[in-house]
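In the block that follows, a single chain appears as structure tokens, in the form predicted alone.
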């Protein structure tokens, strides 16, 4: 397995920081062709994780924070790889905190806890510190004050940029922990997803990417 994963990782292109990217260095079709080298169980777990925590959840996108949190918690039972499981839990905690920040304006403490209890380890901590601006979690998650500012200002774009950056950095650390293993592969896939979501914000880049996809489909090598 080690040799095939080295081959897989070295076949992946460099991913530029998402904010500096002009285009994606690889299409999804090309990426999927390389992911065929994954061991079946690793591939299965990546599919589960990507459907849950990728930035561009499409057909499986949950309708509410509660659905997102509970779905992630249930899926953790099917994710056994330590680093991947840790990352899903990281995103679960992040989503719990964001849900609390968004909902504090409209829900009382018991309502929030009722919605997310069982979804994240921080649910009761947040509920117990509902009146604290940062739920007394800023020491653990230094990004909370900035996220709160963006939420209060209804600045969804700035909030997305902040969260994307935090996730990107976390994935980079995971990849560095095993540069030629499954960690590097799933970190690449989820960072690629962030980059795609960022590029989709620009209509011109989106059009260019669509033309690339059409060219690829009609001329697969």
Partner chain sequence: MEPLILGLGWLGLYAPLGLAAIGSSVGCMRAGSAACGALLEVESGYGRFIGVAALPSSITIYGIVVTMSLRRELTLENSPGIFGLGVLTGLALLYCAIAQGDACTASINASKSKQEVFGISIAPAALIEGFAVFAFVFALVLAADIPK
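Numbering follows the first chain given and starts at 1. On a predicted model such as this, the values are computed, not experimentally measured, just so you know.
Quick note: we don't show the form predicted in complex with the partner chain, though the next part is all about it.
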item: In the predicted complex, the one of 158, 37, 166, 51 near the partner chain [non-hydrogen atom within 4.5 angstroms]; value: 37
item: Proximity to the partner chain in the predicted complex (heavy atom, within 4.5 Å), stretch among 43-51, 189-197, 29-37, 169-177; value: 29-37
item: Proximity of residue 21 to the partner chain in the predicted complex, heavy atoms at 4.5 Å; value: no
item: Contact flag, residue 16 vs the partner chain in the predicted complex, heavy atom cut 4.5 Å; value: no
item: Within 4.5 Å of the partner chain in the predicted complex, all of 3, 6 and 12 (non-hydrogen atom); value: yes
